[in-house]
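One chain is shown next in structure tokens, namely the form predicted alone.
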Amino acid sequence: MNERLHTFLTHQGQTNQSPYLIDVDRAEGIYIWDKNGKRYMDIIAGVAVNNIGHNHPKVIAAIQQQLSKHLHVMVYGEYLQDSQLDLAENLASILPESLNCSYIVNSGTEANEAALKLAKRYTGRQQIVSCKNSYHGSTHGSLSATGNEAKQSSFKPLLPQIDYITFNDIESLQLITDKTACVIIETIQGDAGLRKPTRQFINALREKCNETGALLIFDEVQVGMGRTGKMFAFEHYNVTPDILTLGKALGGGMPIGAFISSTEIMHCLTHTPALGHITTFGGHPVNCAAANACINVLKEENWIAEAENKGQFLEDLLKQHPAIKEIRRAGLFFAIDLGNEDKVAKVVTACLEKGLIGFWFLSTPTAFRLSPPLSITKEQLQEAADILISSL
């Protein structure tokens, strides 16, 4: 074992027993290069983070400009700072009027934690409703709302009064009552292996929340920022949440999250008690500058409009392969289901050896995920398909 690998395995906390162990040197566009000069096609985009590709020059320029001004100056919410104001205004410009007030945090899981707190504070209620097979993060509150017993069992006790509806089962919506503070749901389920809601279900969910006064939270940490062919996945369904959570791709490669609601709902966190949610590094000026640049790139480029066409192109190249049992897709987000966990492991490993990075679903071992940068070209998709087919 070389010294770098020993340091990584000994002095860095590990997430699993079989890490990829790519020794990263640099990254640009859809590619990552290791220390030996091997080039990899990053067809997961850092797990749906690098939607505009690695090291986009406009993001780098925005970071450098902010670095020349200041770094952290105060805990979130006390000072007026250019990059925070620009980001809040930019988010309001691409969202419905009822989602006009953004609270900038550090990550997707913090956004979900804070959204749950906001719903409890605003409604005065305690029950939370989530979905079976959902994933909302790994901190205690987000994990509590994650509908996966295997992930939860080693970390109990978790938050009480959480009930689980079944995705796309309208009958299960009866769990939502006038005691429900909120329903938190991935607009499109990711970790469950990419499951889309039916229009009937999402409309019935919105109606049930309206009837009972429960707030509807859409978790778009993974599917937001153009991934599905719209800036936000809820735009496919013409249903607007009361609270929206973002993370991953929002920062253009920098760590950031946001929970977004109306000014009326959001401002209840300012009293009874004051500092209802507080974060030291949330809204970090450098990360906000990067996020603002990322939104501007997505506005300026035609990548979101092209995502469905590109996704269909790759799906058509792959779908006839006999090893593939099903392809589930939303824009440029794929679950390639092989029906067998061992086959998935072999294919993902073979792709890695051939210079293509795919990845797993935590809770759907029979499928692997693809989520290439939206900037990917059809020529690059053809190259990726060739590697995938040879690996299959």
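Residue numbers run from 1 along the displayed sequence. Owing to the predicted nature of the structure, the values given are computational and were not obtained by experimental measurement.
The form predicted together with a small molecule is left out here; the points below concern that form.
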query: Region of this chain that lies against the small molecule in the model of the complex, out of 163-171, 308-316, 269-277, 106-114 [heavy atom, 4.5 Å]; finding: 106-114
query: 4.5 Å heavy atom contact, residue 228 and the small molecule in the model of the complex; finding: no
query: Touches the small molecule in the model of the complex: residue 183 (any heavy atom, 4.5 Å); finding: no
query: The small molecule contact in the model of the complex: residue 145, any heavy atom under 4.5 Å; finding: no
query: The small molecule contact at residue 288 in the model of the complex, heavy atom, 4.5 Å; finding: no
query: Interface residue in the model of the complex among 221, 294, 129, 87, criterion: non-hydrogen atom within 4.5 angstroms of the small molecule; finding: 221
query: Contacting member of 253, 197, 137, 282, with respect to the small molecule in the model of the complex [4.5 Å, heavy atom]; finding: 137
